[in-house]
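As a starting point, one isolated chain is supplied in structure tokens, in the form predicted alone.
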Amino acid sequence: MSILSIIKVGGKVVEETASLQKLLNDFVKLPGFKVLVHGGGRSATKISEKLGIETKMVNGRRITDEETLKVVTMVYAGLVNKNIVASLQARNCNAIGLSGADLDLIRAVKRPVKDIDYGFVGDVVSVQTNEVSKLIADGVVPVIAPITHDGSGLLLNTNADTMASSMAKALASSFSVNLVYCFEKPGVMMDQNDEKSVIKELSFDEFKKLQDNGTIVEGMIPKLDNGFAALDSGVKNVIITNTNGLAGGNFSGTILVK
């Protein structure tokens, strides 16, 4: 079975030119087939401010009202996505920019209102990989923005970590999948101020203990929830790392284990 590396990049890595260029240099050198899933929240926040649109966050998650949906669609599926695609083309990597709406790739439903109304945020319900699998097998590199659709014409803002996990699970029957969450830290750390405190291997039970005692917090929680879900669904390897952990495809950082 052919190796497929799905790299999800977010945070400062995708927002800052130097770190993004380093990531793409390492990304194009990865062996086997490749997919890049990206965020772009900081860029969306900056452009919202320029347009006079207030950014509302709850527990690190963006509230996506109608105007914010327009901004994130433009920024994620437009500006950020096409900048990455152009940068990959400059490296002789034949990339194609996609959102969940393209090729009917990822359908979602608008998140129901419970304690919080997240607005036009989508929860993934299905992934259709027939067409994208053909592109990957032909050597094309999909670059996927975190915008989905509901099948009735409505676009939705969907968590990029979830997008990457959903893609990895759906493609695990066709490829030997490595799912790598790449951000500014070298992995999951016992001490957030000490980058030498990276946990080399992490099981689900250990994750829950560290979440309960406050060691693992905020944005790392959905990464790990999605990562363990992928591992349970046939994804071969799930790694949390930074750009340094990609070099040569010998992934280093925190490896999730069953």
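In this text the structure is predicted, and so the values were computed from the model without any measurement. The numbering used is simple: start at 1 and walk along the sequence shown.
Omitted from view is the form predicted in complex with a further copy of the same chain, to which the following refers.
Comparing 180-188, 157-165, 136-144, 111-119 against a further copy of the same chain in the predicted bound form, the single stretch with non-hydrogen atoms within 4.5 angstroms of it is 136-144. Out of the listed residues I47, L231, L30, I63, I47 is the one that sits within 4.5 Å of a further copy of the same chain in the predicted bound form by at least one heavy atom. For the chain shown alone, V125 is not a contact residue for a further copy of the same chain in the predicted bound form, no non-hydrogen atom being within 4.5 angstroms. In the predicted bound form, none of the heavy atoms of L171 sits within 4.5 Å of a heavy atom of a further copy of the same chain. Although the partner is absent from this view, S99 contacts a further copy of the same chain in the predicted bound form, with a non-hydrogen atom inside 4.5 angstroms.
At a distance threshold of 4.5 angstroms between non-hydrogen atoms, K70 is in contact with a further copy of the same chain in the predicted bound form. If you check a further copy of the same chain in the predicted bound form, you find a heavy atom from every one of L79, Q89 and G151 within 4.5 Å.
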